[in-house]
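Next up is one chain by itself, shown in structure tokens, the form predicted on its own.
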């Protein structure tokens, strides 16, 4: 079956009360429209036409240069029928089935669309629509059938009679239309009350012309929930979150509390990983096999390899944490960092754009920025790589088996040679050779009876002030 798709995304979304186009609101790391497009890609269409309104520029920029996608603008919002008529110009020369979907139904699934298209093809319909049973039909268009169960028309809620309003089979907004049928879109009449052309009227037009039509009630209410308000958006977000969590549970991921975890759609997780409450896995993140992610962790666009442990309240961005490493609690791994195998990054340690070799330890209260650190290095508490001179960043190199004493400052650019020691409390401004001890602090002096003299001085000053 040759397929082209049309996505209706020209709605202004005024009820969302947002400056952002409705279809670009993000659900679990991906804009709503992109969720719909990702579903359509699974149908292997020859082309996808996106119909946008005044937000055409923003929508095009969000999608980028995708060869299979083209855009049509509906400059004046005159309804879904008019929007599809605008898109039809981009289908010129195509012979096959046009699948029409809405850009604000991000929960739509490809398996449902494939089933729908199979039925449409099997029955050799010229026009088909997909319906579902709504517990509360609300504002959905009602599917009107005759005594034999064949579809007659779709009636919008505002135009329905009281009897029709009780019908629970409703329109999903998904259609399949053969391009070799008469041009039904031009036959749709303007709805005077709204000043729009309703795409739903295509069913009645086709019926009147004796064109073969069908309606298939195969979708679920959740799957075709459209987003018109922030309340709708919240419901869809929750439904999508539940769907994502269910998928990972079925693949062997252990969640301590499935109600408090948020995972973006592009995230990958391997078997045997344990995820604690209030964890956020975002963007293009990859979590390996047998990892443990403790509470209040956020990982964004990062790779966490097999057996790694990410402890409480840690933030990891754009970095790699290698096998069996331990990070946190209260650590911040900033973009461009690589935490080596079996490395230990502890409490209140910040790492920025640094490579840290295997089995190195930085256990607490440390900043490592723009650094290249070797294997088996011990970084004492309070160590700082001073990488910024006010104009540019400089690199600190610490080679294998180095010991950095607590409260040390390494003034970049500087190199600490293999096996060297840096004494606690040092300010290192020059390279330390291999196997050497680097010290950069003043000699300690003890002033005898200084405290007693200080107290006597204070006492005399108080007495003098009292007399005056």
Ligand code: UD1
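Rigid core here is just the name for the largest C-alpha set that superposes within 1.5 Å across the two forms. Just so you know, these numbers come straight off a predicted model, no measurement behind them. Residue numbers count along the first chain shown, from 1.
One more form of this protein, predicted in complex with this ligand, exists but is not displayed; see below.
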Closest heavy atom of residue 77 to this ligand in the predicted bound form, within 4.5 Å or not? yes
In the predicted bound form, does residue 171 have a heavy atom within 4.5 Å of this ligand? yes
Taking any heavy atom pair closer than or equal to 4.5 Å as contact, tell me whether residue 8 reaches this ligand in the predicted bound form. yes
Does residue 264 make contact with this ligand in the predicted bound form, using a 4.5 Å heavy atom cut-off? no
Taking 104, 141 and 226 together, does each of them reach this ligand in the predicted bound form with some heavy atom inside 4.5 Å? yes
Only one of 316, 83, 304, 379 gets a heavy atom within 4.5 Å of this ligand in the predicted bound form. Which one? 83
Could you spot which one of 383, 354, 200, 396 gets a heavy atom to within 4.5 Å of this ligand in the predicted bound form? 200
Using a 4.5 Å heavy atom cut-off, which of 202-210, 239-247, 226-234, 280-288 contacts this ligand in the predicted bound form? 226-234
Quick one: core overlaid, is residue 159 moving 2 Å or more at the Cα between this form and the one not shown? yes
